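Quick heads-up: it's one chain on its own, the form predicted on its own, in structure tokens.
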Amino acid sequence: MQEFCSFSLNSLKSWLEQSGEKSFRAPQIFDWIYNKGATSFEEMTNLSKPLREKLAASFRFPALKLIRTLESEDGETIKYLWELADGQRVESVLIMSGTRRTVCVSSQVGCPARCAFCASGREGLIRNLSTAEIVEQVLHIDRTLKVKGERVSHIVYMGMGEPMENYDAVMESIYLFNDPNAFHISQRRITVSTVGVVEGIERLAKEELAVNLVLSLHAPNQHLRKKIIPYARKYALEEILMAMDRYALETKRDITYEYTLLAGINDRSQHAEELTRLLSGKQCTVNLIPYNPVEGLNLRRPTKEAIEGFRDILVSAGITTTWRYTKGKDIAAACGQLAVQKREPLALVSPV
């Protein structure tokens, strides 16, 4: 059985024609799923009963089952744990800031990067997510927001997994998010984060897209980066930065470099000074992320003074720098933390 949310509008039209149905039904079906919030084909009352039965027999929808949600004490972050058809689990996070409603989506079960500070890669890569399994993370959250007169406004591929290692499904999901018949989210409000898969970055530069690209840098040199990100051994840092520069040139988009600050490891003044030399002359932003503690990992968050000192060195060198305020610490909102926990019910549970 095929997953409905893996189909583009054109592929659905083709399926309808091959099934002896009229292709003009495709936009109507999309409208039910993506705008009216239908949870089954039976609800699509402007379709004939035989067509509804054919759809139900041919497509799996939904592909995700909500296991639990956790809401932060400030009410600005909600974490969702989903179960897939094969029993695997992934997470999404809804971050509310002003009028923004950003969903952080996962692209894989587990992660091959095995970053030292991240819970997602502790068990390595288990499998890629399908297009539908990515899309439905946003679809189901968007449905809950619409009840309040809101909608998902931004999407970031920064959850579990390395998006560039699941390239085709990630691209198909981006085109669906951008499709006016589905979510109609601007490409400029979609961000893809990578640890530096050079082939993926180069492929993305050739797409007819202008999404934001973020590199998980986390170190100012290859030697230290390999310790923090074992996956970094596959590509030289210079090669990755060249690919990022080519992406910026092709798309006319500024690049963001994410730098998770780990106490005593990569947060010293000499690291900041080396980082300024590495990024000198580049049209970019450095997003500093104070480490969000993960149970079982012997890593510490730097002091506020250390963070400010690191930032000041970058700013003094003329590098645009932001400092990400950590949200959702009370609900283990860093990617992977909830999915790797034991499956006993948690204290904060609320249905969608």
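Values in this document were obtained by computation on a predicted structure and should not be read as measured data. All residue numbers refer to positions in the sequence shown, first residue = 1.
Beyond the structure shown, there is the form predicted in complex with a small molecule, which is absent from this document and is the topic of what follows.
The small molecule in the predicted complex comes within 4.5 Å of no heavy atom belonging to N166. In the predicted complex, the small molecule lies farther than 4.5 Å from every heavy atom of E172. The shortest heavy atom separation between L314 and the small molecule in the predicted complex exceeds 4.5 Å.
Interface membership of H218, defined by any non-hydrogen atom within 4.5 Å of the small molecule in the predicted complex, is confirmed. Comment: 158-166 is the region of 205-213, 270-278, 158-166, 95-103 lying near the small molecule in the predicted complex, near meaning a non-hydrogen atom within 4.5 Å. This chain is drawn without the small molecule; in the predicted complex, the residue among V294, M44, C284, I67 with a heavy atom within 4.5 Å of it is V294. For the options I319, L51, I289, A306, the residue carrying a heavy atom within 4.5 angstroms of the small molecule in the predicted complex is I289. For the three marked residues, E3, W82 and S130, no heavy atom of any sits within 4.5 Å of the small molecule in the predicted complex.
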